[in-house]
Ligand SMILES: Cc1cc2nc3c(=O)[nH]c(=O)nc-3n(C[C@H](O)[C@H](O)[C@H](O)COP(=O)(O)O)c2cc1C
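Only one chain is shown below, in structure tokens, and it's the form predicted alone.
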Amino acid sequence: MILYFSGTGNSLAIARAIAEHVGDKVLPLREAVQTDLLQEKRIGFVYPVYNFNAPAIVPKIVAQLTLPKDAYYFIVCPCGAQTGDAIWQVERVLKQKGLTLHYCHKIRVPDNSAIGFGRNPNDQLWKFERFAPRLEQIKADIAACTSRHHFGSRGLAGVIARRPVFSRMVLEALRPKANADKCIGCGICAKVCPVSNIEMVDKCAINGDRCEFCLACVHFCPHQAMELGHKPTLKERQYHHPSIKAKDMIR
């Protein structure tokens, strides 16, 4: 079973690619809490890197899972550049549960947070071609249950990024909010949010306090109503994985 967390589809697409190669299934990480995993022989976690860390919900949910002792465990992190502490965080949770992480790797993908800093994630589509051989190697390694680790640097960037002053500056710049003048209440943002953090109130999207900063709501809004830092969202800068549509994100 391959468990994934995804905002704009990068992790979902990679989880599907691995699952197809090894003959496995994919499941959103949130749904794994109510799923019997004890008979699984291979369990993978595919999740992105946000601010040099795993999405906050990922290690929390992994800690809640009842997992088999004898399974082959792997982590694959799609990221814009570096993984920081993202892999180490989940590895530590597995270790606390008495489990061994057998394999981990990263693969670079377009950085969907670039939109928050005035850049276009679609300018990074070249990463798919450049890192296609790495994805093929990752798929082959996992199919063979290879024991190999590519942690990257020991999480210093992640530790710094979690400091309150730093995280407030960055995350506040990436906190989505609906522009009431543009929002028509279609509800797509609420449907694609992987943590159900958005409610429709009087035909306007209202973000709650559980935001994981995945920016799914920003990138999938068909009316560019979700904005970051009160700056207009440009249609040409909205991004999602080319093979993933909004309907794929809705569970």
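None of these values were measured; they are calculated from a predicted model. So that there is no doubt, residue numbering starts at 1 and follows the sequence shown.
Beyond the structure shown, there is the form predicted in complex with the ligand, which is absent from this document and is the topic of what follows.
Mind telling me which stretch in 176 to 184, 74 to 82, 135 to 143, 95 to 103 gets its heavy atoms within 4.5 Å of the ligand in the model of the complex?
In short, 74 to 82.
Using the partner position in the model of the complex, report whether I87 sits within 4.5 Å of the ligand, counting heavy atoms only.
Contact with the ligand, no.
Report whether the minimum heavy atom distance between L215 and the ligand in the model of the complex is within 4.5 Å.
L215: contacts the ligand in the model of the complex.
Though only this chain appears here, would D111 touch the ligand in the model of the complex if you measure heavy atom gaps against 4.5 Å?
Answer yes; at least one heavy atom of D111 falls within 4.5 Å of the ligand in the model of the complex.
Any chance F45 has a heavy atom within 4.5 Å of the ligand in the model of the complex?
Contact with the ligand, no.
For the stretch 41 to 74, return the residues whose heavy atoms include at least one within 4.5 Å of the ligand in the model of the complex, in the order they occur.
Sequence-ordered list: P48, V49, Y50, N51, F52.
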